[in-house]
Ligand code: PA5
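Next comes just one chain, in structure tokens: the form predicted alone.
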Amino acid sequence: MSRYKDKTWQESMRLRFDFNNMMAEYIGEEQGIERKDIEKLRPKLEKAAEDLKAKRDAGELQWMDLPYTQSEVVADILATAEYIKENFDTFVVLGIGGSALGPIAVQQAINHLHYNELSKEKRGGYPRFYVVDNVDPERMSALFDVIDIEKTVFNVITKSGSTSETMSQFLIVRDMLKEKLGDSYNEHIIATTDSSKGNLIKIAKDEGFKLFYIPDGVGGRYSELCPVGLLPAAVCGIDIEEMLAGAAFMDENCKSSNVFENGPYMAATLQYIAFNAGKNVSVMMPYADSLKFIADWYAQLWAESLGKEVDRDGKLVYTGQTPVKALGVTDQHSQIQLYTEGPFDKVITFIGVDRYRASIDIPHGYGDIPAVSFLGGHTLNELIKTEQMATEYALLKAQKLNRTITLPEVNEFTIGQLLYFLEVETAFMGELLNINAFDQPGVEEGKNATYAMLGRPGYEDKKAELDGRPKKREEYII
């Protein structure tokens, strides 16, 4: 039996959410949250839970059901991953936003921190992995200096098939592959897109690309647990069935509408109360390099979901909490000064790990220098965990709100839990703010302006609008 199916093992891998340092009895009444503050919100919290459940039951939130609905596609993904492993040296994701941040975060979390530098044997025979999530021409050019495109599979990920950045990369790669390989070039491209709408689905079917579909009701930033993230993970040897099992385990453990029994709901409730008290910055600070890019993924999830001009009633609200990413202990030497002594405008979320996957002893030395010699006999594991606890204490002493999510260890099961926890927290926060956490109208204006300036048909009115904007004054350019 696979370990992730063992109930005892599952319980041993349960995430813990510690919010003591958000509460007034620990951090002080001036900044802290009192239990009565939560109790006063009970009707609102219960309605938010009911509304979220109603949306899920109506099929509007298919991302919540991904742990249960993908047995067939998982089998296809695993077969495709095995084929790629046997026939190619490199796998490249062409995508942006959730199509890139999720795959990067999971790869960094689960695989070796220098995965691409390992020999193929040490990688278990799996291909090297790259994600191109920008259109900087130097970066794109640099990629072709380190890969052999004849031995590379490119995974083009865009639900709409009209994402300018991704489709421009696709056009470049397609042209290069056709020049090198002729008619067989299509064997080197996999498309992940909508099953019926958009441009990429038509192109993929016309040109014979291998296809994976992004389910309806699954937006980019909620898509890591569908083929968007599962295929890149599987190609690199990550156990995607265990990831999905972890997400399902978290889902089962957050069924209650009582926030004191539901970690993601309580997390959102505390953020909501803190936000209304002026804490408009949300810092995520993992204490593990493996989790570094979880903070990047979270930044998009939190910002794009919750940063909204209007609420569901059309009222101007200009709401949203700004996410900031940090890394412990690195950013103790760059950001913590601000967090401890700066304004009371932040909630800091630590992500800790009970058991790291390596242990390194610190040797004894320099006995005549006590400020150095005291480290001998300890381990780096002790040091990083002690520094996390010390930072939590420093913030507590300064009455700065902080909370901690702890993973027993970093593996596919706990990462599946963590991703699902943060997605549900975000969705519940959206309900509390009465905004749509699943659209991104503020992104569209920039996209439309780009289309117009580059001459995309159908955007002539936007081009005229841009042409009519005030010209820049020379005296304001130094």
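Numbering starts at 1 and runs along the sequence shown. It should be emphasised that the depicted structure is a prediction, and the values quoted were computed from it without experimental measurement.
Note that the form predicted in complex with the named molecule isn't included here; everything after this is about it.
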- request: Spell out, yes or no, whether the shortest heavy atom distance between Thr163 and the named molecule in the model of the complex is within 4.5 Å.
  value: yes
task: Check whether Gly97 has any heavy atom within 4.5 Å of a heavy atom of the named molecule in the model of the complex, and answer yes or no.
output: yes
Exercise: Gly220 in contact with the named molecule in the model of the complex, heavy atom 4.5 Å: yes
query: Is there a heavy atom of Lys159 no more than 4.5 Å from a heavy atom of the named molecule in the model of the complex?
result: yes
statement: the named molecule in the model of the complex has a heavy atom of only one listed residue within 4.5 Å, and of Asn434, Asn448, Gln62, Gln440 that residue is Gln440
- line: Assert contact residue (the named molecule, in the model of the complex, non-hydrogen atom within 4.5 Å, options Thr406, Asn111, Gln300, Thr90) equals Gln300
- line: Assert contact_stretch over 388 to 396, 220 to 228, 176 to 184, 78 to 86 against the named molecule in the model of the complex, heavy atom within 4.5 Å, equals 220 to 228
